[in-house]
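Listed next as structure tokens is one chain, alone, in the form predicted alone.
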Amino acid sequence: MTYCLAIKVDEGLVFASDSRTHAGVDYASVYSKMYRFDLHSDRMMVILAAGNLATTQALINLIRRDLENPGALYNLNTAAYLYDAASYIGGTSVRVQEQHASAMQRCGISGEASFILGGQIQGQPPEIYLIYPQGNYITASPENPYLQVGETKYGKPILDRIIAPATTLEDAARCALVSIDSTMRSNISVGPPIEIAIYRRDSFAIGHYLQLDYSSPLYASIQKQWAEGIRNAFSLLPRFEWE
């Protein structure tokens, strides 16, 4: 299990992911689930991944191969719209899964993987897309300006309470950190390092990138102050009439 999320606000995009990967309860490894690419100066794209690691790595390798191959029929640099890139990623993911489907089924293992694509192409607004294992996808909306993959339920309440289109990029990034921290506290299959990337609208480059673990002063401070703030707010809740 893993947890990744992308947030879309008026100022730009925030990406966040954990780095823990499991192959059974007794084997855990650390793999980045955030992928960035060297693209033309008129575009920026980030992919977040959850699900089968082999499927994810095969997909990313194929995307990078197409970017490096002058003869490739299609790649992230030739996409006219971000949803075209989402279709390309979804179709490539399906082909990777189908290639090994029979062998995976015999072993009772799922080869499915889900992805979040976020970015901007010049002349268009920043966008984020959730790409399902079946290759189809959805986008965010002003009413739901974030997307999640993996272990989503523990980190969702803070996003629903805080995130809105007018939220600043920095507040959105803090909210993403709290969302992942809440998930890590409730599910041991999600763990550090936490990766955070912040993209400012029309910049076509990641402005800030952070990799945080339990010993990182920023993460430790946010974790401590959030926990204390919750306890303080709880202590101020109205009393029952018999108290």
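The model shown is predicted, which means the values in this text are computed figures rather than measured ones. Numbering starts at 1 and runs along the sequence shown.
The next section is about a form of this same protein that is not shown, the form predicted in complex with a further copy of the same chain.
> Note which of R64, R201, H40, R185 lies within 4.5 Å of a further copy of the same chain in the predicted complex, where distance is taken over heavy atoms; exactly one does.
Looking at R64, R201, H40, R185 one by one, just R185 meets the 4.5 Å heavy-atom criterion.
> Of the options A79, A140, V96, I162, which one has a non-hydrogen atom that comes within 4.5 Å of a further copy of the same chain in the predicted complex?
Flagged contact: I162.
> Check, residue by residue, if M45, D84 and G91 all come within 4.5 Å of a further copy of the same chain in the predicted complex, counting heavy atoms only.
Answer is no for this spot.
> Taking heavy atoms only, is P157 within 4.5 angstroms of a further copy of the same chain in the predicted complex?
Yes, contact at 4.5 Å.
> Does any heavy atom of I222 come within 4.5 Å of a heavy atom of a further copy of the same chain in the predicted complex?
Yes - in the predicted complex, heavy atoms of I222 and a further copy of the same chain come within 4.5 Å of each other.
> Mark E112 yes when one of its heavy atoms lies within 4.5 Å of a heavy atom of a further copy of the same chain in the predicted complex, and no otherwise.
No, E112 is distant from the partner.
> Taking any heavy atom pair closer than or equal to 4.5 Å as contact, tell me whether R36 reaches a further copy of the same chain in the predicted complex.
Looking in the predicted complex, residue contacts with a further copy of the same chain do not include R36, since no heavy atom lies within 4.5 Å.
> Have a look at 103-111, 162-170, 71-79, 118-126 and name the one stretch with heavy atoms inside 4.5 Å of a further copy of the same chain in the predicted complex.
Going through the listed ranges, the match is 162-170.
> Can you name the residues of 207-243 that have a heavy atom within 4.5 Å of a further copy of the same chain in the predicted complex?
Sequence-ordered list: H208, L210, L218, S221, I222, Q225, W226, A227, G229, I230, R231, A233, F234, L236, L237, P238, R239, F240, W242, E243.
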